[in-house]
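First comes one chain, alone, set out as structure tokens in the form predicted on its own.
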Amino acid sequence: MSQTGKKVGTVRLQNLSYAHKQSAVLMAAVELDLFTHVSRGSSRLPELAEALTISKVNAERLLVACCALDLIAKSGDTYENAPDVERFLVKDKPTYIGPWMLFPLMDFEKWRDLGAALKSSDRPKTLGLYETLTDEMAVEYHNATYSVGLGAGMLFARDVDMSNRSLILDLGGGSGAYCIAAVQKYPHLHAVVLDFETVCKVTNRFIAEWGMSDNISTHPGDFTRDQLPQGADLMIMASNLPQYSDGMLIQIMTKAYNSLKSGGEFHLVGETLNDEKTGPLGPALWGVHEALFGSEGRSHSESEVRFYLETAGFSDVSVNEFIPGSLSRITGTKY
């Protein structure tokens, strides 16, 4: 018996062990465009089965599971999307993040062997997954990150006053989403996305699609090894925090400090843990993810990131809420 007098059962633990099945249901629904068809008016079982081109029994199986996961609500014999599903998982909406929902398929099988990965005695790799990044992987990865990253980039542009800034350097900027959002709001800005050459090919495509090639350029390189371009007065490092060790992060931030203009700002948007290191779940899992690829990286707490920035020389370091449960924005200034 627990302290509250309630009997301890196994349901919570069973649901955790079945979590891969929940993920598979969500991804199948995205792949089949279930939520898009529901949004467009196919609200009953027979018409949904026809729209999805699957049998009626399989459509019912999928709908029942989506209802149990609170992805879809049922009223009588009609279905409607949950509010977050309607906003983010309906194709052709500017907020659609379907590619990001399917991104875990890239390493779905690897998680089955997590125990072996955790026991591995192989020498850790600085770049983890990126040690073997191919053109095809870069396209798939950054198509996914772009779908969710543009919204984060727009939030960053709303939160951070860049009216008096002139040049952004985005370390590991991937799709260029943060720079695209910044230049969209502040057309006077110029920006440079520093990432691997394979990634920059993808970045240039997104930049061209937005017609921003005059304001945003790419700089192929590896910021863990290479010197950084000079002259930026605002620097961003977003959504790559768990990929690196504490020592590597201090090294990167020291290079960032040295290359920034006086008065410049460094913004780390990262999957940070709370200071007790008990969560949130997303950042905790991203840390475990690094074990699958033999990386040196791990999850870092907000107070640890503050320490890294201060050690690198930054002043006025502050922790700012960004996306609760997912990302924090930690900022330092060079004086």
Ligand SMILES: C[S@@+](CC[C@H](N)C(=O)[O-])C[C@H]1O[C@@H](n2cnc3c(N)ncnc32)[C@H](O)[C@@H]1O
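For every residue, the number given is its place in the sequence shown, counted from 1. The model shown is predicted, which means the values in this text are computed figures rather than measured ones.
Note that the form predicted in complex with this ligand isn't included here; everything after this is about it.
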* Considering 206, 79, 244, 257, which brings a non-hydrogen atom within 4.5 Å of this ligand in the predicted bound form? -> 244
* Structure fact -> Within 4.5 Å of this ligand in the predicted bound form, heavy atom basis, the matching stretch of 157-165, 233-241, 183-191, 209-217 is 233-241
* To do: Run the contact test on 36, 71 and 96 with a 4.5 Å heavy atom cut-off to this ligand in the predicted bound form and return yes or no.
  => no
* Might residue 199 be said to contact this ligand in the predicted bound form, defining contact as any heavy atom within 4.5 Å? -> yes
* Using the partner position in the predicted bound form, report whether residue 253 sits within 4.5 Å of this ligand, counting heavy atoms only. => no
* Asked: Even though this ligand is not shown here, does residue 229 get within 4.5 Å of it in the predicted bound form, heavy atoms only?
  -> no
* **Proximity of residue 140 to this ligand in the predicted bound form, heavy atoms at 4.5 Å** => no
* Asked: Taking this ligand in the predicted bound form, which residues along 41-65 bring a heavy atom to within 4.5 Å of it?
  -> none
